[in-house]
Structures are given as structure tokens and as C-alpha cells.
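The form predicted on its own is given below as one chain in C-alpha cells.
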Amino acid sequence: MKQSEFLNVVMPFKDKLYRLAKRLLVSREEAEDATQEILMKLWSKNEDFEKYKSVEAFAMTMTKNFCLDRLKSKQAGNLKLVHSNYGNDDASLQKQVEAKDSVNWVGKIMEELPEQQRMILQLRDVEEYDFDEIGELLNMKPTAIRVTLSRARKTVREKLMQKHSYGIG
């Protein structure tokens, strides 16, 4: 496979690889390094691309495994979500502060979720993968993914309600 063909195949999902690495590794620099490593590994395996149904799913799995291995090697127990895709120029400063606070709370709550719930919530609600793609990445059936996602969302919702005392008074 030529370099131009490789770039046409891999570059459309390069940012997804980075975002997944950033979610797992927290540090921007480590995520960039991880993404670079994965791209190098993909280049070394580019002759085998025909074997895979989805090169993107293969690359996401490689990224997940690489990041988890790196975390295990550092004996890091905490995975952190740093999600700041919220932006609204019309909102008042207070609403922006409240929104950022809510996003931070969701991140903290997600840190406490079991790894599988956290990963499925990340892939489905942040990366917007469909259930079949998640199933391929995590080797799970769509029904199990739906149940796990439901439990993760319920936990996040309940903890947010506790934090903000929603519905009381």
C-alpha cells in the first residue's frame, strides 16, 4: 500500500484515535504520543488491511489496548474524562460556568464507573459509535452493550441528581 492510500484510509479517523487516547491517558502529550505510536503500528501492518472488515475498528481496538497497557505499566488506577466540547456564545457567563461545572462532574462520575461502563459510555455518547461498532471493538453483543450503557447512564444521572439535589424543594 502506498503512502497516499494509507493516508486516505487512516486520516479520516485519526482524531477519533487521539480523543480515545486522551480520554484514557488524560495527558495531551501522552495521547499525542499514543496516537503517533498507533499510526506507526498501522503503517507497519498496512499490507494486512484487507484482512480486516473495518480498519477503523481495528485501530480503535489497538488504541484502547495500547492505552490500557500504558496505564497498567504506570500502575495508574484513575482514568479521567476531560470533556470540553461545550460551547455557546449566547450563554451568559454564569451559564457557561455552570455548564463547565456539570461537564466536570460528569467526568468525575465517569471516573468512578467500572471500566466496561466507562468505555461503552465514551464510545456511544461521546464518540457516537453505533452498537454494532462497539460490539466489534469490545467483543460484546448489542444487548449486553445496551444493558451496560443503561446502567452507566443511570449511575451518572443518579449521582448528578445527588450532587445538584435536583427535584428537591
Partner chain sequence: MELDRIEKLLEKYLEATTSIAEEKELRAYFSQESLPQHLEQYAPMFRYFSVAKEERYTKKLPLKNRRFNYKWLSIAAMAVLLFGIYFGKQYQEKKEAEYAYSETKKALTLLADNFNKGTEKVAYLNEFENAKQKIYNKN
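We call the rigid core the largest set of C-alpha positions that still match within 1.5 Å between the two forms. Keep in mind that this is a model prediction, so the values were computed, not measured. Numbering follows the first chain given and starts at 1.
The same protein has a further form, the form predicted in complex with the partner chain, not shown here; the description that follows concerns it.
**Request:** Scan E128, E50, E115, D69 and let me know which has any heavy atom within 4.5 Å of the partner chain in the predicted bound form.
**Result:** Of the listed residues, the single hit is E128.
**Prompt:** Is there a non-hydrogen atom of E32 within 4.5 angstroms of a non-hydrogen atom of the partner chain in the predicted bound form?
**Reply:** Heavy-atom contact with the partner chain at 4.5 Å: present for E32.
**Prompt:** Just to confirm, V156 within 4.5 Å of the partner chain in the predicted bound form by heavy atoms?
**Reply:** Close contact exists here: in the predicted bound form, V156 approaches the partner chain to within 4.5 Å, heavy atoms only.
**Message:** Whether S54 contacts the partner chain in the predicted bound form should be assessed with a 4.5 Å heavy atom distance threshold; does it?
**Reply:** No, no contact at 4.5 Å.
**Prompt:** Does the 4.5 Å heavy atom contact test between W43 and the partner chain in the predicted bound form come out positive?
**Reply:** Within the cut-off, so yes.
**Asked** Taking the partner chain in the predicted bound form, which residues along 6-29 bring a heavy atom to within 4.5 Å of it?
**Response** Counting only heavy atoms within 4.5 Å of the partner chain in the predicted bound form, the contacting residues of 6-29 are F6, L7, K14, D15, Y18, R19, K22, R23.
**Asked** When you overlay the rigid core, is the Cα of T143 off by 2 Å or more between this form and the one not shown?
**Response** Passes the 2 Å threshold, so yes.
**Message:** Aligning on the core only, does the CA of A152 end up 2 angstroms or more away between this form and the one not shown?
**Reply:** For A152, whose C-alpha is compared between this form and the one not shown after core superposition, the shift is 2 Å or more.
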